[in-house]
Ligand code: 57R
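Take a look at this one chain, the form predicted on its own, written out in structure tokens.
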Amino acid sequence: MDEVVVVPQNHVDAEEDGEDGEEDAPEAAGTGAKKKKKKKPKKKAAKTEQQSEPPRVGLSKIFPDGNYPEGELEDYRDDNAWRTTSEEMRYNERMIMQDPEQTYNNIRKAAEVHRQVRQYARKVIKPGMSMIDIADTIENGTRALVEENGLESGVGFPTGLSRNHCAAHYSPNGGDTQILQQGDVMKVDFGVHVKGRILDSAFTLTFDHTYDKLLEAVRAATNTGVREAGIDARLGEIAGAIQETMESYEVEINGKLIPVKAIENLSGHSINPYQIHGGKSVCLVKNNDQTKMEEGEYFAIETFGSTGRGRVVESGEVSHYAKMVDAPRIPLRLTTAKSLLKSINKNFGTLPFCRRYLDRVGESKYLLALNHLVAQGIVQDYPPLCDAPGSMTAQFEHTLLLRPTRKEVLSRGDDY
């Protein structure tokens, strides 16, 4: 749905007339007259806050009680069906919601930001826009709605705007002049975080109906992954179900049927606080990984499909970086590298960033220092990932939470 989300505040109902009406007082001594109490004014319902267009109203103004909407709830199946009605599991969830470090409200706020920003983005992104303008549209909305505050809340990672055979990890650097074209297939992958809880979700835009089946295949594969995910689900088996769904589709291009291939060396992943890739991978091709999903984990279920070889390689100018979670503590020879690392620690911590974000915080002439941090193993670079030139790739992604009682698809919305 492309309409701007409007969410009313919780309001206080005006009191009923019968409760506010006139009340008889005892008779006044010696007069027989009755005194009347003053009529209480009715309480006014709180005004409804509306999101602006472009979205710039911080969510705390729309949800002043700090309770944000749940995502789409799905019951666990088979051996885990008991969890939905278990009083013990319900108690566990109540305890989580009372823990300021674990409460689901943080990730739900991030999810609501993503929904509102992406619905606006889906409506306004059109061929002829520059990549930088598109990135700014998304990131400015995200920062405003999440009420960016240092490492407390903000953008979760650089906005990915990979096009055509480039599947992932392209974001425009400063000075990029590339323009979105009518025939492009563009992946829009952006994140939001609140207190380190990262919401990771992506969709694909195409303006040429030739590739509708490609998008349909990848969206269906992501939905399959979401359906099969759950506590104790084995990652290799989920991958097999994703592949089976994805590769049941074909795309007709210039009168020729092209099979859709799952990209074998890309994957979804678990998410940890302030760590976008948490250590577990949900691959897209069946394998023997017996690792299980566990209660309380967050997963980004993302799938990539291609009309090409179904395998990506690193290619192109780097934009994405992230400080390593287990970065070594080593003496740095370059004074500029020491200064840059201090800035990275202050502004991003272990959250991914891009060169535009360094520009934004006032860094300049930093490429030598940045490459030195990469060479020392302190910062990881993430070059663009591309399939064969001439092929087309698509991506869809949702973040889900394996709650004790239910699976919550946090990023689900009316648009997909």
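Numbers follow the displayed sequence, beginning with 1. Not measured: the values here are computed from a predicted model.
As for the form predicted in complex with the named molecule, it is not shown, yet the points below apply to it.
By the criterion of a heavy atom within 4.5 Å, residue 157 is counted among the residues contacting the named molecule in the predicted bound form. Residue contact with the named molecule in the predicted bound form: residue 211 places no heavy atom within 4.5 Å of it. Interface membership of residue 281, defined by any non-hydrogen atom within 4.5 Å of the named molecule in the predicted bound form, is confirmed.
Taking the partner from the other structure, the named molecule in the predicted bound form has no heavy atom within 4.5 Å of any heavy atom of residue 76. Checked against the named molecule in the predicted bound form, the residues 195, 143, 269, 163 give one hit for a heavy atom within 4.5 Å, which is 269. Comment: the named molecule is not present in this chain, but in the predicted bound form one of 286, 277, 219, 227 has a heavy atom within 4.5 Å of it, namely 277. Shown here without its partner, the chain carries 168, 265 and 304, all of which come within 4.5 Å of the named molecule in the predicted bound form through at least one heavy atom.
The partner is not drawn, yet in the predicted bound form one stretch among 315-323, 94-102, 121-129, 330-338 has residues with heavy atoms inside 4.5 Å of the named molecule: 315-323. Annotation for 206-236: no interface residues with the named molecule in the predicted bound form [heavy atom within 4.5 Å].
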